[in-house]
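Below you'll find only one chain, the form predicted alone, shown as structure tokens.
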């Protein structure tokens, strides 16, 4: 037995397996076991306030979620959040990436400063914006009042659509630097000779962008788009710290949190969580498939 163990340890393949075993076990218990457990909950009527009534209901939780008016409202807010956030982040990040790809004095310092918002934890970011937008003592009100743009302090988060838009802006401000770095890396992988040849042929900046830059960074754009969609569709920390469980900003993730942890309906909450995961997987799958299909053509 000892000789066999020494033989396994001395071989590269055996040593690799021995190292992977504890990691695999840890990942299973920390990641996959909760996923399996939550899927089991999604097939059951499970309310933490009524544990004695727990029983198997099959797909009933999924159909019940789809028929809830609150689900449709939350889905509309999530779709609005994703569409606006994706458009703003990609546009701003592309502009920053094109600017930082140029050579100018202090470029390295600017690149460092650009990534700073991404380093701020989401909870801290939400509380920071909550302080900025506070209707009684917020920085934004104080600044606008001092400059003479407003005569009285304004409750920026009072109106439902305004609250949702400010939540989007909070997310955009933090996530744009990450996408900027992704696109900047893609831009720097394009050889200078390609642009030099285009300039010789008389291509202006606009033509070079549409016919050289965009096609060459399309794979990275696809990755960035999918990442933004996933994060914006599942954003929770910033919205919760900014507005709490305000109905005006109740996205699908907020609604899921309310079901599971506020009402104790773990069965419905687990079903909604799986529906969100399936929806995001399908969106990512079909988009990646379409992108690579275009590349092959």
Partner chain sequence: MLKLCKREKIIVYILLVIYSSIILIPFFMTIMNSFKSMREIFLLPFSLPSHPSFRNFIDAWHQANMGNAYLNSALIAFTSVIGTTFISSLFAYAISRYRFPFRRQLYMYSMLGLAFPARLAIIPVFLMMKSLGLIDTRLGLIIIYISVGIPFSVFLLKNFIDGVPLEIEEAARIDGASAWMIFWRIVLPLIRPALAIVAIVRFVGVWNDFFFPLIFINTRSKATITLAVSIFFGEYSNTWNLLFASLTLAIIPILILFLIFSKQFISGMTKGAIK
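Residue numbers count along the first chain shown, from 1. Here the rigid core means the biggest group of C-alpha atoms that line up within 1.5 Å when the two forms are laid on top of each other. All values reported here derive from a predicted model rather than from experimental measurement.
Below, we turn to the form predicted together with the partner chain, even though it does not appear here.
*Asks:* Identify, from the list 87, 155, 219, 117, the residue with a heavy atom within 4.5 Å of the partner chain in the predicted bound form.
*Replies:* Partner contact (heavy atom, 4.5 Å) among the options: 117.
*Asks:* Though only this chain appears here, would residue 75 touch the partner chain in the predicted bound form if you measure heavy atom gaps against 4.5 Å?
*Replies:* Answer no; every heavy atom of residue 75 is more than 4.5 Å from the partner chain in the predicted bound form.
*Asks:* In the predicted bound form, does residue 162 come within 4.5 Å of the partner chain, counting heavy atoms only?
*Replies:* No, residue 162 is distant from the partner.
*Asks:* Should residue 20 be counted as a contact of the partner chain in the predicted bound form, where contact means heavy atoms within 4.5 Å?
*Replies:* Looking in the predicted bound form, residue contacts with the partner chain include residue 20, since a heavy atom lies within 4.5 Å.
*Asks:* Although the partner isn't part of this model, could you tell me whether residue 182 comes within 4.5 Å of the partner chain in the predicted bound form, counting any heavy atom of the residue?
*Replies:* The answer is yes: residue 182 has a heavy atom within 4.5 Å of the partner chain.
*Asks:* Taking the partner chain in the predicted bound form, which residues along 144 to 173 bring a heavy atom to within 4.5 Å of it?
*Replies:* Contacting residues: 146, 173.
*Asks:* Would the C-alpha of residue 69 be classed as shifted by 2 Å or more between the shown form and the other one after rigid-core alignment?
*Replies:* No, shifts by less than 2 Å.
*Asks:* With both forms fit on the core, has residue 38 moved 2 Å or more by CA between the shown form and the other one?
*Replies:* It does, since the residue 38 C-alpha is displaced 2 Å or more between the shown form and the other one after the core fit.
*Asks:* Quick one: core overlaid, is residue 27 moving 2 Å or more at the Cα between the shown form and the other one?
*Replies:* Yes: residue 27 shifts by at least 2 Å between the shown form and the other one.
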